[in-house]
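The chain that follows stands alone, in the form predicted on its own, written as structure tokens.
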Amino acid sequence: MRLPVSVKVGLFSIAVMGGYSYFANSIPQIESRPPQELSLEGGNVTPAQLVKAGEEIFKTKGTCEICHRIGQKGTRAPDLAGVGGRAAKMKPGMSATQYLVESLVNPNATIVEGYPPIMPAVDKPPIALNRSELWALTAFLQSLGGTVEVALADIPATAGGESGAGGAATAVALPGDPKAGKAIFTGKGTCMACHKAGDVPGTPVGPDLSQIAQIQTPDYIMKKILDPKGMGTVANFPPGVMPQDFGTRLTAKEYTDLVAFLLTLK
């Protein structure tokens, strides 16, 4: 019995689809799972795991690369190449571990010559690393030319908030209008003459402000506008360029609007 052409085509299609299905199902399947979090305070972490976690924090949540480089000069903060080996010699009577921990939670305790005191405490908002993250970050810094020997006990129990839980940066509510502040930034404030800020282009006379709210506190940003010289000059940028008269040039509303805009730059 001869089968109609339409039936033959249908059977051929089923055979082809079956063949492809068999081939596809013969390939080992990879199950997609979210990455497991590394429990740093569980006591089962190796130095290699600690360093790996610290490197990830350095590049992501810690936002360290906004200011620091490893093996590259010319940034707004010191080159960290070999910092693990240099740390033990930075402050008399202080071990490498102690110096590195202090540099993270109390960065203004020792200021590297040639750089202003602009680094925030990384266990406080807006960065807000928790105790475990500080431990891992310290280990990564020690691995840069030194020996990884930091223990969780070396990180202050008060670091990162209660129980080392850390947390997100506290939201700051200001009466300013970010949209109006952006207009001040590009207009009356003439800020874009020296600064880039997100999608606002600017000349590189001053630092790029595109992530300023991610690395600095509202208090620093507010003071820097009113007293730029008093807050120090960012390394590798010319001093005395930023106007000192914003306190009289801008109205109170314009000032709060400008701050509100800068706080959106993350």
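Quick caveat, the model's predicted, so the values are computed rather than measured. Definition used throughout: the rigid core is the maximal C-alpha set that superposes within 1.5 Å between two forms. Residues carry their position along the shown sequence, with the first being 1.
Keep in mind that the form predicted in complex with a small molecule is not shown, yet the notes after this line are about it.
Taking the partner from elsewhere, P47 is found to have every heavy atom lying beyond 4.5 Å of the small molecule in the model of the complex. A residue is said to contact a partner when one of its heavy atoms sits within 4.5 Å of a partner heavy atom; A260 fails this definition for the small molecule in the model of the complex, lying far away. In the model of the complex, at least one heavy atom of P107 sits within 4.5 Å of a heavy atom of the small molecule. A residue is said to contact a partner when one of its heavy atoms sits within 4.5 Å of a partner heavy atom; S210 fails this definition for the small molecule in the model of the complex, lying far away. Comment: the small molecule is not present in this chain, but in the model of the complex one of A180, A77, V148, L152 has a heavy atom within 4.5 Å of it, namely A77. The rigid-core alignment places the CA of I221 2 Å or more apart between the shown form and the other one.
Once both forms are fitted on their rigid core, the CA atom of M231 lies 2 Å or more apart between the shown form and the other one. If you fit the rigid core between the shown form and the other one, you'll see the Cα of D208 move by 2 angstroms or more. Relative to this form, G232 and T63 approach one another in the model of the complex, with their C-alpha atoms ending up at least 3 Å closer. A shift of at least 3 angstroms pushes the Cα atoms of Q216 and I57 further from each other in the model of the complex than in the displayed structure.
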